[in-house]
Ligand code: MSP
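Taking the form predicted on its own, here's one chain by itself in structure tokens.
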């Protein structure tokens, strides 16, 4: 048994949860449940990022105290994670007193790599980062993600000397000591590393008051990235928890591709500066598109994950976003594709198979113990260990489809009609055993449905009165 530590990127609480957050949570949860199947002890972080100008500005617009505003939104994310049945063990808020104290200690321990300097240049409020002259020129002075012009700033801030760690970071990436997934992102990060400047890690109180105070300098507060990135270690007790070293380094850190650069450059620089090992895997997922376009409020094509959840329930949501949304590449969501996946795959392939086998087994008093089916195939393990979740899901779904073919070919209902009871029992035993083996491998992906199916075929069998995945469900 191993100790496994898994993290998700903490969302910024100036808005409501979106599809990208859901993908992050579902991927990490799938990996956590997989390791629990293997008997590993899992620690799994989630949380909320609650400091910064955007937060303070939004609270002011709503005429709310900032702490009340972040409390309200943090609860929205907690509720959202609960709706997704995400099996996290630790939740961190960057406004937690314990986090703030630990972040200040992290600052002190990095002080040899921190200096104060004046900055004159361009800044994106939406990204909460400074942009280089090269980026400014390439984008025509407009942020491509937020479609807003960069602001020109003149400030005196503290900087973190990323240049102190570039050689070590490069070595870790090239050697896969810190593996970047998918593999093609590695070259992209190595190019960004070459031109990555020292990073601003504070703002003047006159410009930003909602943040963690910089130690020994009341005129400055910490800039969001040093504060936010530290959550991965503060939540498990760095630097004072006795068992911290049992959990760090993280086995897998799940992030969207849009924030990979921060996690692959600034974050390892911080860890090296603290004398800590680097995460084993940085897993970056692609974006969910809508009708082939990036979701955007201005276009009006933003898909509300709560609306998707409510349309067919959690199993359908997790099924689509873990199987039909590629683990690494940008993938498309449309309501037509979602309905087709639900009706033709989840309801037909799995739901009907369970109904048919449960009915036959109930009539013929066939009972299968779940203990016979606690096994994972080597191919499945290889895909899951490689974070190829959508491919692992396809692998298991092929087994479901093969069982549907077998039941049609072997016709157990004909065996029952002809009175061939022993052949019928053997046939049903093998089919149900195959189903439960597949369901065991499905359980990290659609845990609720898997638990229901296992319950149906455990002990005294009762045929489900209502299909697991009823069509025309609202």
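Keep in mind that this is a model prediction, so the values were computed, not measured. Numbering follows the first chain given and starts at 1.
Below: the form predicted in complex with this ligand, not depicted.
Colleague: Which one, 156-164, 192-200, 170-178, 221-229, holds residues whose non-hydrogen atoms are within 4.5 Å of this ligand in the model of the complex?
Modeller: In short, 221-229.
Colleague: Considering only heavy atoms, tell me if residue 18 and this ligand come within 4.5 Å of each other in the model of the complex.
Modeller: Although this ligand is absent here, residue 18 would touch it in the model of the complex, with heavy atoms inside 4.5 Å.
Colleague: Could you confirm whether residue 235 comes within 4.5 Å of this ligand in the model of the complex, counting heavy atoms only?
Modeller: Residue 235: no, not in contact with this ligand in the model of the complex.
Colleague: May I ask you to check whether residue 9 falls inside a 4.5 Å heavy atom distance of this ligand in the model of the complex?
Modeller: Yes, residue 9 lies within 4.5 Å of this ligand in the model of the complex.
Colleague: Does any part of residue 286 reach within 4.5 Å of this ligand in the model of the complex? Heavy atoms only, please.
Modeller: Residue 286 belongs to the contact set for this ligand.
Colleague: Of 263, 312, 93, 318, which one comes within 4.5 Å of this ligand in the model of the complex, counting heavy atoms only?
Modeller: So the residue touching this ligand in the model of the complex, by this definition, is 263.
Colleague: With this ligand left out of view, choose which of 249, 256, 182, 215 has a non-hydrogen atom within 4.5 angstroms of it in the model of the complex.
Modeller: Exactly one listed residue reaches within 4.5 Å, namely 256.
Colleague: Does anything in 31-67 come within 4.5 Å of this ligand in the model of the complex by heavy atoms, and if so which residues, in order?
Modeller: Only a single residue, 49, comes within 4.5 Å of the partner.
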